[in-house]
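Before any questions on binding or motion, here is one chain by itself as structure tokens, the form predicted alone.
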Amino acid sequence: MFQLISLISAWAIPVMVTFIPLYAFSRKVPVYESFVEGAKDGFGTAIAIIPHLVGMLVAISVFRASGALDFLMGFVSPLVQSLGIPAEVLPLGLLRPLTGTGSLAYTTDLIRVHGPDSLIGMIASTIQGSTDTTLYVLTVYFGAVGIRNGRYALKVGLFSDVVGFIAAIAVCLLVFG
């Protein structure tokens, strides 16, 4: 089974990159012109989301630089350690919904310090793949299309992140712990 999944993983992107343009060409779609038109639209979208992105990055920087993240982690660490959860992965649970780059940097640091085959490294990697950058997605994509009221999407997104975080820890503790 593992060999089949590895084979599919190795060939999935090359097959799609080949299939999609060939399919479009067979349907008489001007592939290159369609790509250029999409790139023009993407550039306009990128310009529109810059203010939202800058605002979110400033808020994240203030949260981390103010010591609020460290304070919160110090408060919650004894509770999670009593449950057998490594306290080192807690900041990742807070960073991941905020910033993909920040959470990836933190995950990289955890793996560098504890090793990729350590329980902490495996939990961090699983969290990284099981959760999303919810606030980034809402800020950038909702801002790009002008949606002003995203409270339901925020609730569902953050709930999904909490479930993904807990599930990642539970599965890793069950399988590797």
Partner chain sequence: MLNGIWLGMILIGFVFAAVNGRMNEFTAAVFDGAKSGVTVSFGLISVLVFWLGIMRIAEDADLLKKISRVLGPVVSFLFPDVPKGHPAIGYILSNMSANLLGLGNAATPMGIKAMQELQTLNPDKETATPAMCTLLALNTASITLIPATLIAIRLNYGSADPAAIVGTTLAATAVATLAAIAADRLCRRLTLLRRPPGPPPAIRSGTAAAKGSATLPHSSVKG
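Under this definition, the rigid core comprises the largest set of C-alpha atoms superposing within 1.5 Å between the forms. Predicted, not measured: the structure shown is a model, and the values here were computed from it. Positions refer to the first chain, counted from 1.
Another form exists, predicted together with its partner chain; not displayed. Remarks below refer to it.
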item	value
Proximity of F71 to its partner chain in the predicted bound form, heavy atoms at 4.5 Å	yes
I85 within 4.5 Å of its partner chain in the predicted bound form, heavy atoms	no
L90, heavy atom within 4.5 angstroms of its partner chain in the predicted bound form	no
Contact label in the predicted bound form: L104 to its partner chain, heavy atom within 4.5 Å	yes
Within 134 to 149, the residues that have a heavy atom no more than 4.5 Å from its partner chain in the predicted bound form	T134, L135, Y136, V137, L138, V140, Y141, F142, G143, A144, V145, G146, I147, R148, N149
Per-residue C-alpha change between this form and the one not shown, P30, threshold 2 Å, rigid core fit	yes
